[in-house]
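Just the one chain here, the form predicted alone, laid out as structure tokens.
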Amino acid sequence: MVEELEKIKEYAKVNHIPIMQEDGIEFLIKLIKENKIKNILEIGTAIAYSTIKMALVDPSIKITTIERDEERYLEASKNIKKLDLEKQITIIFNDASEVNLQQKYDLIFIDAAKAQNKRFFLKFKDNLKKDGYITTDNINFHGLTKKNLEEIESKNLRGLIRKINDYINFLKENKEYTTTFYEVGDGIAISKRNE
């Protein structure tokens, strides 16, 4: 098990596939354990590293995960199968903006195209159970969201950082949810619906 996870991490490193930082995933696992989370929706599977780590918390956990990149989807499917987790993990090959789900989840984990965070939050918030959590990774985006935009040379990167900052403001100003920001991993936001 540990060996397989290490292989997935190595594959991510070699192929420049972003996966969750170790302290970030440990933080997420702690949230899952403490709140007895059983049903998870993950937006952005990549190669299923975080998906697998979450599934391994408890055999009764069920995860639906969405990935639009075919190569990553195929690699993720292979990894899930290798660890014999097909009964726990359902992987959907599609763009999350095209996916409509009826089910309700204890945890919605947004870890896809960062420029789409707000769109995914708004699209899937009705799939959250009453006392559930919406978690977003890469809120700091390698520390760039704390920088002055003028300091960022790439125009595309500036645009992306602007969108992440807009999302951070959207979370801070959202009257329906209370969001706490954690300086763990690459920055994690946890949003909980107000009673």
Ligand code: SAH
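If you're wondering where the values come from, they're calculated on a predicted model, not measured in any experiment. All residue numbers refer to positions in the sequence shown, first residue = 1.
The form predicted in complex with this ligand is left out here; the points below concern that form.
The candidate site formed by 24, 168 and 189 is entirely out of contact with this ligand in the predicted bound form, as no residue has a non-hydrogen atom within 4.5 angstroms of it. For the chain shown alone, residue 127 is not a contact residue for this ligand in the predicted bound form, no non-hydrogen atom being within 4.5 angstroms. The shortest heavy atom separation between residue 41 and this ligand in the predicted bound form exceeds 4.5 Å. Not displayed here, this ligand is approached by residue 94 to within 4.5 Å at the level of heavy atoms in the predicted bound form. Residue contact check for residue 64: none of its heavy atoms lie within 4.5 Å of this ligand in the predicted bound form. With the partner omitted here, the stretch from 128-136, 41-49, 150-158, 56-64 that lies within 4.5 Å of this ligand by heavy atoms in the predicted bound form is 41-49.
A heavy atom within 4.5 Å of this ligand in the predicted bound form is found for exactly one of 76, 89, 112, 108: 112. In the predicted bound form, this ligand lies within 4.5 angstroms of at least one heavy atom of each of the following residues of 11-27: 18, 19, 20, in sequence order.
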